[in-house]
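Next up is one chain by itself, shown in structure tokens, the form predicted on its own.
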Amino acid sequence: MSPTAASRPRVLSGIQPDFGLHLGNYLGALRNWARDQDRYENYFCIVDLHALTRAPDPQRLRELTLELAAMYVACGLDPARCEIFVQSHVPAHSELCWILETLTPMGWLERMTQFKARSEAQGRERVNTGVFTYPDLMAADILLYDADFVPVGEDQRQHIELCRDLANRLNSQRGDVLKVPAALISTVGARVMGLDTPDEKMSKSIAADRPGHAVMLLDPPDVVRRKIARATTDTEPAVHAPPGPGVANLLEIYAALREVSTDAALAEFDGKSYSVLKGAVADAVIDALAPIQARYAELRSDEDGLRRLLAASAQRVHVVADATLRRVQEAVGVR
């Protein structure tokens, strides 16, 4: 980490190693994280404990954890300028989570969107307890590192509010124990929608069931072209203003990758056929993914080196996490 890191606001971000990463993850988050490395003191976590709520195959979870670590670096995160570590490698996450659970009214967790959605889909009696207490673990992830900001989309704001409520509750009971973080809502990242369903945000879990939903960061060029070619467009014969959701999504992807405004992208393709637009979007995606995929292959070819990178980072963040955990333990009387 840079010697001047302590003078910058600290940011904590995490992604689950549950499915592969897609283009929306890159344009909406990872690319911006890489660009902001010198603006913040960054802690990037691979939240493998959260992934357990889906009962993944153990070996697949191990593989996805390494895949995500390599993808972090391949997308531009520099281990010399930020921390990249695995959640389960730092036991303080689970220890703080239990203390936070004792502070959390059940009503707060019952109102959480993810729990309600899973309950409706699976039936309340079938949803595992981890889904119910997931927000407490997420709060522990954030609070352990005295994070000033947490980059999230609007759909995650509810989790940050609960994290803030828990920090304020403990502070009101036991004094100034935890830093209260703020949500960092990006205004520059592209909001990429599903290729097959442009009315909903591109999703890793949906892509696992419907491959045509998303371009994955490890998709080869022929797969990228096929997915883009099949993307939903409009009923009109050509691109025109105002574009419908499907065309607008393709224009957004093109604009983000070619770093032009969406208005400029619309002007470039106005009156042209959808096949022309889709060909240009596919070219832009393939050009962007080529260096990422090359760097990823290089990193995965040295698995021992990747593991050492993760272990070294976990060792450094242990110091911060354990200090916070001790403060909380002392505040509640278990130390």
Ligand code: TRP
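Only a predicted model underlies this, so the values are computations on that prediction, with no experimental measurement involved. Sequential numbering from 1, following the sequence displayed.
A second form of this protein, the form predicted in complex with ligand TRP, is not displayed here; the remarks below concern that form.
Participant: Among the candidate stretches 105-113, 252-260, 235-243, 132-140, which one is within 4.5 Å of ligand TRP in the predicted bound form when only heavy atoms are counted?
Facilitator: Of the options given, it is 132-140.
Participant: Test of understanding: in the predicted bound form, would Ser203 fall inside 4.5 Å of ligand TRP by heavy atoms?
Facilitator: Flag for Ser203 set to no.
Participant: Decide whether Val150 counts as a contact residue for ligand TRP in the predicted bound form under a heavy atom distance cut-off of 4.5 Å.
Facilitator: Yes - in the predicted bound form, heavy atoms of Val150 and ligand TRP come within 4.5 Å of each other.
Participant: I'd like to know whether Gln156 contacts ligand TRP in the predicted bound form, with contact meaning heavy atoms within 4.5 angstroms.
Facilitator: Close contact exists here: in the predicted bound form, Gln156 approaches ligand TRP to within 4.5 Å, heavy atoms only.
Participant: Tell me, yes or no, whether Ser313 is in contact with ligand TRP in the predicted bound form, where a contact means a heavy atom of each within 4.5 Å.
Facilitator: Although ligand TRP is absent here, Ser313 would stay clear of it in the predicted bound form, with no heavy atoms inside 4.5 Å.
Participant: Please identify the residue among Leu23, Leu325, Val317, Leu12 with any heavy atom within 4.5 Å of ligand TRP in the predicted bound form.
Facilitator: Residue within 4.5 Å of the partner: Leu12.
Participant: Please tell me which of Val47, Ala280, Ala288, Leu64 lies within 4.5 Å of ligand TRP in the predicted bound form, judged by heavy atoms.
Facilitator: Flagged contact: Val47.
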